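Shown here is one chain on its own, the form predicted on its own, set out as structure tokens.
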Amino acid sequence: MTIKAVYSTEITPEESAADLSSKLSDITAKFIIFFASSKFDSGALASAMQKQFDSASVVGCTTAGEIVSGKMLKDSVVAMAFDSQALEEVNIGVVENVKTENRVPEVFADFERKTGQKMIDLNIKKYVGIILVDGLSLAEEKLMDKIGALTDITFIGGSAGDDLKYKTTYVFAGGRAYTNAAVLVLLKPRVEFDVVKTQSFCDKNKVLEATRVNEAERIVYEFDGLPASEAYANALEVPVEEADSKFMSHPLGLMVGEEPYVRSPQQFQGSDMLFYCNIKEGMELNLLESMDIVQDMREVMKAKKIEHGKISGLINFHCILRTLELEQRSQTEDYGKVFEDVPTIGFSTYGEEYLGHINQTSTMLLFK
């Protein structure tokens, strides 16, 4: 059984794909997942990757930075290959026009034809899903809601990036690049797997209730009946003029038990607050405070190694806001080293998918 992670810093799509293929020449790949800087021509890269791995199912997306065993990179392509001893089944579907439609049922119908089972009946211990979605579509919530309504299989993933240009992001499948789309992958591994979520925040025990919102545009007008910016500043005990400098270190979180699902502020628009994921009217959110991301990740990985023993592969969907915080603290090298003894790939995302759409989190798919 082989799961192998590699990377390339070659200049052109064709050179990058050829370099990755050379580094994976010792494995007969059944499935390739790759994450690539937006500096590349996306259509050319998608085509080149499928040509190099013509017998494999190939998916991927653009990024805001790449992760590979031991390193955090930029302007690169990272890839993970799985052979047939690692994966029994790989099924891929593309959900197009995600901004205006929701074609998840069509993709799931195709999965059902291929597996011979209803999505709702699949064994959650034998199947797991990956989702890669246009990170500028504002469609993640409705996609995850539909997935959750149709199956109990866990779908985990990330929103594609474009190196902080915020213009166009792409997802890749079958040699094509798509925007305004999501790629869904249904896997049946031959090895045990686990889903890991960590967000490196503690709860400040201050609660804000969203009392007036625009859910579709991810805008909160009021918390607790006050202008959103004022209520947020009051919770922080700082002037409104200083509050937006606290967004990264003090986002809000929907608490499920003691576990926060992070909602990150993006900017003030007058007295309103624009978020990176939606907030429903009446939702109660707790003020959070950031902890040391590197130390938190070390503890998570230590616990998982104790739990599982050897980890044969890890895919890390890692929020761009976490990357920016690591850069501010000069910790990117230390963060990369957390994964130096584990075959790992990942990317800096524009949002993370796990039981919904969240921010400032790492959602990870681990293979034993």
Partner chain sequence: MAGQIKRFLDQIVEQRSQGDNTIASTTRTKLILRGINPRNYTNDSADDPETIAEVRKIAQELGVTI
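Numbering follows the first chain given and starts at 1. If you're wondering where the values come from, they're calculated on a predicted model, not measured in any experiment.
What comes next is about the form predicted in complex with the partner chain, which does not appear here.
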Original post:
Heavy atom within 4.5 Å of the partner chain in the model of the complex: which of Thr151, Ser76, Ser229, Thr179?
Top reply: Thr151
Original post:
Which single stretch, out of 87 to 95, 258 to 266, 206 to 214, 131 to 139, brings residue heavy atoms within 4.5 Å of the partner chain in the model of the complex?
Top reply: 258 to 266
Original post:
Taking heavy atoms and a 4.5 Å cut-off, does Ala18 contact the partner chain in the model of the complex?
Top reply: no
Original post:
Is Asp145 close enough to touch the partner chain in the model of the complex, meaning at least one heavy atom pair within 4.5 Å?
Top reply: yes
Original post:
Can any non-hydrogen atom of Lys165 be found within 4.5 angstroms of the partner chain in the model of the complex?
Top reply: no
**OP:** With heavy atoms only and a cut-off of 4.5 Å, decide whether Cys202 touches the partner chain in the model of the complex.
**Re:** no
**OP:** Go through 93 to 126 residue by residue and record those having a heavy atom within 4.5 Å of the partner chain in the model of the complex; state none if no residue qualifies.
**Re:** Ile120, Ile124
